[in-house]
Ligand code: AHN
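What follows is one chain in structure tokens, specifically the form predicted on its own.
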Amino acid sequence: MYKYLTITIFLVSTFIFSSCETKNPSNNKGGITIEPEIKIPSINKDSVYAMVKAQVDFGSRMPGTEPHKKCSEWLKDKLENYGTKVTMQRFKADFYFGKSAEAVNIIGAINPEKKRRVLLCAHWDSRFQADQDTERKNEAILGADDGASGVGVLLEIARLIQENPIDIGVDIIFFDAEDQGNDSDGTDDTTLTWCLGSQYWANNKHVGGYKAEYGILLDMVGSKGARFGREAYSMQNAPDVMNKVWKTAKDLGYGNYFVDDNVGGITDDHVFVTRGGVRTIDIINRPEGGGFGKYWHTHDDDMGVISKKSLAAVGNVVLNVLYNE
């Protein structure tokens, strides 16, 4: 009896030990669990540049125009092709100059079943007039950097996540009607004439009870010699997120883009997204000495100002932040 009992115990023990070995054949050495190395994809410079150019080729994306409509359909198709669950959040945009138009926030959800989420956003419209130009001031601009650059980077990120699945939920929002505000009179409080899409979303979430751990806004991220300082509202509302992003940039060797200078607060989509419950930072080009690039709100904001290196730098930083969550 003892003989058979010993054999039985030996066989059971061997089975249990073998089962444990099978579950973790290479991740458990000497009782220490070794986490698999994270594979983080890299931005394809030509791909992201093409994403920006495709938008500019439609023309000015002012709400209510044919180029705006065609570009919205293209953006929707792109997000769907990259495996996101797309929501077209339509709303009426009432502009300060007395006109109205149908606008649309285009939202792509990656891993919509995941509770842990990060929000990425950019505005996709372009300004209705070149008010900072010396010629053709009343004509609409192309908005290659101011609009298309941030959208292009986020489309490339969606493409790469589809090829390299991630274990968190990521929501990509292209806000409409951001760049149609009143910039003519600095003495008036014209804040609410800007960022109409993010204002609408903040009060009408695309998903009931929507929550995300934090958000990252990309605005004017593609110009040659881009310089991203620490925007004041971002530092006030989400300093931990700013620190994480800027540290990641420096670790990747992009410290020449992501500088530690504190810059003033900017009325941008991140302000209203934060008010809507998701602490969001703004990665936005602020040249040394303040202000925006010389091409800002002029007809020079075309593909001639766009740098593949700048687009890739921002995209790689955001990708590394996401995949290290």
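In case it trips you up, residue 1 is the first one in the sequence shown, and so on. Here the structure is a predicted model, which means the values were calculated and not measured.
Keep in mind the form predicted together with this ligand is missing from the figure; the text below concerns it.
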Given 213-221, 80-88, 199-207, 96-104, the stretch touching this ligand in the model of the complex at heavy atoms within 4.5 Å is 213-221
Just to confirm, Asn44 within 4.5 Å of this ligand in the model of the complex by heavy atoms? no
In the model of the complex, does Asp183 have a heavy atom within 4.5 Å of this ligand? yes
Does Thr65 reach this ligand in the model of the complex, with heavy atoms at most 4.5 Å apart? no
Just to confirm, Ile266 within 4.5 Å of this ligand in the model of the complex by heavy atoms? yes
Each of His123, Asp179 and Phe292 near this ligand in the model of the complex, meaning some heavy atom within 4.5 Å? yes
To verify the annotation, which of these, Tyr257, Tyr49, Phe272, Trp296, has a non-hydrogen atom within 4.5 Å of this ligand in the model of the complex? Trp296
